[in-house]
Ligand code: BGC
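Heads up, the chain below is alone and in the form predicted alone; it's given as structure tokens.
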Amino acid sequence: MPPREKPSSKKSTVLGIDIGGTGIKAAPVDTEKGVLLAERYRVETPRPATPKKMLAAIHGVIDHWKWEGRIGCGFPGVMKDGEVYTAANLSKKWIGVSIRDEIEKLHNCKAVVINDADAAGLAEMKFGAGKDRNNPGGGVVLMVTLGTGIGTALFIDGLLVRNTEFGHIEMGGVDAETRASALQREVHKLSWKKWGKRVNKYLGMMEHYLSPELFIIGGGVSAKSEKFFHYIKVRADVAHAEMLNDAGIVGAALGHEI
């Protein structure tokens, strides 16, 4: 496929892989410019989403690109040194698996694997809505991804606090993501007003705990910010994510920089 843009240098080129509950997407990334160098390649996430089946799919994605350079992955769970610590929306068999080691066994590469919300946050902080606060003195920024669940990425003066998982904070006696995720709006056919007020309540809780200067709202629903942002009444600035569908892949590639 023709590249979207020529890379700055081979050193800045990383294969970014966004591992999700419904799909696994990948593309080469120029980490200096924050752009994809070719159209993303996507495969469906296998069902059941067990390590054996999903790792086969991940290897297939890497083989598609005939990749031998650096690889960065975002995974929907708590990650430490490439190992899965939680997998709330996937098979529990993932816990204890080192995705990094599994990739490096079969491919001539250096791999890093980080939490998927952290990955999206890295992209937004370097190239998107948070770039003006990505520095010492930039204060507290919380990216909140509203999708199947609620993903979060916390930054203090431009530094990532990994694996926050604030979507599981209690709200109304249950996990916040079971009340305020984008999926809940669709499943329960909530009006934008009713759902927007739930999002506002969640952000109000986060503001109480963290006192951020900025909330960045991500997920596909962020493209419809005009439908619910006016229901959000917090003191912090609120911005919609700018990297859109590229955030997970670009941020995964940026995992090599942290």
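Numbering starts at 1 and follows the sequence shown. On a predicted model such as this, the values are computed, not experimentally measured, just so you know.
Beyond what is shown, the protein has a form predicted together with beta-D-glucopyranose (BGC); the following relates to that form.
Put simply, of L159, V78, I169, C109 only one has a heavy atom within 4.5 Å of beta-D-glucopyranose (BGC) in the model of the complex, and it is V78. With the partner left out here, beta-D-glucopyranose (BGC) still marks one of 183-191, 81-89, 96-104, 134-142 in the model of the complex; by a 4.5 Å heavy atom cut-off that stretch is 81-89. Of the heavy atoms in G130, none are within 4.5 Å of beta-D-glucopyranose (BGC) in the model of the complex. Within this chain, E124 is remote from the site of beta-D-glucopyranose (BGC) in the model of the complex, having no heavy atom within 4.5 Å. Contact check for A120: no non-hydrogen atom falls within 4.5 Å of beta-D-glucopyranose (BGC) in the model of the complex. Using a 4.5 angstroms threshold between heavy atoms, G151 counts as touching beta-D-glucopyranose (BGC) in the model of the complex.
Residues N115, D116, A117 of 99-134 are found to place at least one heavy atom within 4.5 Å of beta-D-glucopyranose (BGC) in the model of the complex.
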